[in-house]
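A single chain comes next, written as structure tokens; it is the form predicted alone.
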């Protein structure tokens, strides 16, 4: 019997902490799952790490150096589908929150007179340089979402991004509302769900690592009233959202919907 053709997958990392690749490597059933794919490149797991022709490329990290830019363009050229994996790849990540700052000044504050081998800049998301087909959110992505994305590709279909907020998962789990009950500037109502409200579960207000909702959902009016009534102002919420998604295309629109 002719063996079924396996999808070829590449797993790449640009400038990042490699946490998204580590998440993928730590998926409970990754060895069994990997039997259904041919992994042609996985930078974290192999010293070879060459960019090869593949069906699907999962890419974490932001474009922060000229080398990153060359790599992501080559990955795009050699991949049928590109998935931006994690907050750095989708929104530029924490390093992207420095957009607008003077890179040389920031570099000197952190590294002094030291130098690096590559010409660098403030980190930017993949979509600034290439067409991205799908986004796998999180910092890092959740295990069940990694499996979901792999499963849909494996079945010949495609993943759908969630269109409801962290707040929905929080209420479904019956956690106390940190915004209403403790007056914390929780971003759960306007951040993409999928983490099962992990931070609120530990009494920590959501800081938006999964990025702002990209759909026109009807949460904004009531949220604006709640924020304002509790003395949480526009600048405080905006500053909090920009930690992870300053470069999100929708951030200004969403902030205006909440406070406008």
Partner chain sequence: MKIEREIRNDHLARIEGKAGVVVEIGEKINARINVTEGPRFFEVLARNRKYEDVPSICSRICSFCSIPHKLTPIEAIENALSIEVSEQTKEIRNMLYFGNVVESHALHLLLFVLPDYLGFADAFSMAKNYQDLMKKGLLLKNFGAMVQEIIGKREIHPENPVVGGFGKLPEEKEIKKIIYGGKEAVRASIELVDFMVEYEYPSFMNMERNHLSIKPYSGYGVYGDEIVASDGNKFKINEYKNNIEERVIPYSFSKGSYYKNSPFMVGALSRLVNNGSLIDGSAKDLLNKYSNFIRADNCFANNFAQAVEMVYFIEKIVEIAEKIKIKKEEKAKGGKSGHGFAVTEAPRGILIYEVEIEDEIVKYMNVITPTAMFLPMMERDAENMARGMWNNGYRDVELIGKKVEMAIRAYDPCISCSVHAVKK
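Residue numbers count along the first chain shown, from 1. This is a predicted model, so every value here is computed, not measured. So that the term is clear: the rigid core is the largest set of C-alpha atoms that superpose within 1.5 Å between two forms.
There is another form of this protein, the form predicted in complex with its partner chain, and it is not shown here; the text below is about that form.
- The partner is absent here, but in the predicted bound form a heavy atom of 46, alone among 46, 222, 36, 196, sits within 4.5 Å of its partner chain.
- Only one segment in the set 109-117, 163-171, 147-155, 124-132 has any non-hydrogen atom within 4.5 angstroms of its partner chain in the predicted bound form, and it is 109-117.
- Using a 4.5 angstroms threshold between heavy atoms, residue 13 counts as touching its partner chain in the predicted bound form.
- The shortest heavy atom separation between residue 53 and its partner chain in the predicted bound form exceeds 4.5 Å.
- Proximity of residue 252 to its partner chain in the predicted bound form falls outside the 4.5 Å heavy atom cutoff.
- Heavy atoms of residue 82 never reach within 4.5 Å of its partner chain in the predicted bound form, leaving it off the interface.
- Contact residues in stretch 225-260 (any heavy atom within 4.5 Å of its partner chain, taken in the predicted bound form) are 236, 239, 240, 243, 244.
- With the core held fixed, the Cα of residue 134 is displaced between this form and the one not shown by less than 2 Å.
- Fitting the two forms on the rigid core leaves the C-alpha of residue 155 displaced by under 2 angstroms between this form and the one not shown.
- After superposition on the rigid core, displacement of the C-alpha of residue 108 between this form and the one not shown amounts to 2 Å or more.
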